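Just one chain follows, in the form predicted on its own, and it is written as structure tokens.
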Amino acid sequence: MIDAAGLRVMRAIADEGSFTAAALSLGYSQPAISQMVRRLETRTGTTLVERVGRSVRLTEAGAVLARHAGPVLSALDAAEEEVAAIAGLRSGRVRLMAFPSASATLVPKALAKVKAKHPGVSITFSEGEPRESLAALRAGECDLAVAFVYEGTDLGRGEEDLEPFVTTPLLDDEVLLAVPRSHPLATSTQVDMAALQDETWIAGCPRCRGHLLQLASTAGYVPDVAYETEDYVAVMGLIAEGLGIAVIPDLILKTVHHEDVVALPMTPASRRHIVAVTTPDLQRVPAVKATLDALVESAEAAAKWAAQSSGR
């Protein structure tokens, strides 16, 4: 009913004492001021300005609007400035979630890139497996999630409706076989999954356990999973002591090392796809887009380094 332009006119009339002077101060014509007052009176259903000779004075209702105009217009100006700052990446907030191995590799470099380019943008970060981060994204509790999916499965795994989301590919992460250095297969150049039927296995996160079961099923057996832990430092320790073997994505092996553990390529080859997930609307928010771009750059750098270190 009452717009910002009408409030500006009422304040100018109160300050200047006439339509002509108010028009001059606002850069409008005098007829335009008269028309705006009439429109505002129609909307409010009451007289706002009383004409007295060549001057005008505000009625009680007009004075109320003029009195409130200052704080309201100041708040609008402040809001416009804040929005302009966000749009111009002078400020902004992004809530990012990522799974543990990404939080140790891709995420730090991406956050550093955003901080260097846009120091006014604030990014908060929390760790969560894909199921948790996608649920948080759906609930409006995060703006951007870094998740992963193994080949042959979908990102939501039937747990989440992915229709509201948009995904950006970041990295294809090779899954390797980790064995003790003392294991007979430790000197192999490649290991067939079908040859591991009699091994004792160590399983990781729920998605990783599911992937192990799928690989073994394809090879024709059910793996003997004796140990389960999502702590990959513990997984490496168990392997090093000869208690079992595990399939571990290369990104994890880049962050958790053990001199008594050897990582080997497998056949058939296996990969997991790392993606960034957000919503179509959030993707257009400048701070979210800048963070997404930084994640893509970080992933490209990681892929280049991996190719160089492997000689590919």
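All of these numbers come straight from a predicted model, not from anything done at the bench. When you see a residue number, it is the position in the sequence shown, counting from 1.
Keep in mind the form predicted together with the DNA is missing from the figure; the text below concerns it.
Which one of 56, 252, 274, 277 is close to the DNA in the model of the complex, taking close to mean a heavy atom within 4.5 Å? Only one listed residue qualifies here, and that residue is 56.
Of the options 257, 68, 39, 284, which one has a non-hydrogen atom that comes within 4.5 Å of the DNA in the model of the complex? Looking at the other structure, the residue within range turns out to be 39.
In the model of the complex, does each of 199, 232 and 236 have a heavy atom within 4.5 Å of the DNA? Contact check failed for every one of 199, 232 and 236.
Within 4.5 Å, heavy atoms only, one stretch in 46-54, 257-265, 59-67, 244-252 touches the DNA in the model of the complex. Which? Heavy-atom contact with the partner occurs in 46-54.
Does residue 25 reach the DNA in the model of the complex, with heavy atoms at most 4.5 Å apart? Residue 25 lies outside the contact set for the DNA.
Quick one: does residue 32 come within 4.5 Å of the DNA in the model of the complex, counting heavy atoms only? Contact check for residue 32: yes, within 4.5 Å of the DNA in the model of the complex.
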